[in-house]
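Quick heads-up: it's one chain on its own, the form predicted alone, in structure tokens.
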């Protein structure tokens, strides 16, 4: 009987693991149809998708066990690089967005020289302090970045031209939404391949036991640096997309603690050592915050993030998606807690 129950639980677990992402993707693809008369809904979910990509990028480093509070440095650098190249030099955003990721990776390489030998809370605090360097430079280099005045009137997201077909991604909310959704799906595929590659296995080994990983020949510093560079590169691309999406930038906005803390919150709540968990948390928590808590508490609505991270740490240390993958929720329903 016990074996039958276990087999049934595993079957239900596998069905949930497959059905939930597929259903979620279908809903996301059809959302513009459902929300065609409500621009606010589409704006919220476009931003939620962008935050989902930020959480996915953050988790490339997070899967190694490191917690970064400095990803706003990469986000802001990517945003300003793409914005300045397109605004001042007229370069197409198709080129400037990847270049934003490249500069963010360069900043990550500098950060790695000073921070990667640190562990735990020391690493997190060092990355948090590092954000001030690009922020101060951006805030005071008036001749290039306009300083605290910010950048206004940025070009929108790039348009897609295929022969006579023209898809304007900045002229409509639907176009922007599908652009960000497309980028999110591409990043999700890349993160999946990364986590299942030798690099992903090495990062997991480092997370579980760094000394043992080094003893069997894994170059710990090399892999941690590589994960930081990849994480920064995609965070920079997300920042660049954000700048072209809202078409306005200023240092306090893109280098703020919000863009350092929010991906960590989503990763912890959704499942820091899972692939889908961080993205799913972003797609659920941000709309809940905007549709429910923001109207009720305009000045303190972000307490939601503090509450859910405390609950996640206390009761779901592997995150909601991590718990579902383990089948703990299924076990509770069938009366046996494992």
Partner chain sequence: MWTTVLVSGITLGSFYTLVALGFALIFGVTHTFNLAHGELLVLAGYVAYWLWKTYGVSLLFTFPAAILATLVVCLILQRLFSRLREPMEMNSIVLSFGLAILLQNGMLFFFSGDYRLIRVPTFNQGLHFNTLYLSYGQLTLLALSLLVIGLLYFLMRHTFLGKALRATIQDREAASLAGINVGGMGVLAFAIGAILIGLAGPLYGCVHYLYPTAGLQATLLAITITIFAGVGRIRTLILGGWILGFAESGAVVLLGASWRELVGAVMLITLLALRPQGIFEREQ
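Everything numeric here is computed off the predicted structure, so don't read it as measured data. Positions refer to the first chain, counted from 1.
Unshown form predicted in complex with the partner chain; subsequent notes refer to it.
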| Looking at 265 to 273, 24 to 32, 280 to 288, 44 to 52, which lies within 4.5 angstroms of the partner chain in the model of the complex, counting heavy atoms? | 265 to 273
| query | Within 4.5 Å of the partner chain in the model of the complex, do 299, 309 and 314 each have at least one heavy atom? | reply | yes
| Should residue 303 be classed as touching the partner chain in the model of the complex when contacts are defined as heavy atoms within 4.5 Å? | yes
| said: Can you tell me if residue 90 lies within 4.5 angstroms of the partner chain in the model of the complex, counting non-hydrogen atoms only? | reply: no
| query | Can you check whether residue 122 is within 4.5 Å of the partner chain in the model of the complex, heavy atom basis? | reply | yes
| message | in the model of the complex, does residue 130 come within 4.5 Å of the partner chain, counting heavy atoms only? | response | yes
| Answer option from 144, 186, 257, 109, heavy atom within 4.5 Å of the partner chain in the model of the complex | 257
| task | Work out which of 151, 118, 229, 102 lies within 4.5 Å of the partner chain in the model of the complex, going by heavy atoms. | result | 118
| message | Heavy atom within 4.5 Å of the partner chain in the model of the complex: which residues of 42 to 77 meet that condition, in order? | response | 67, 69
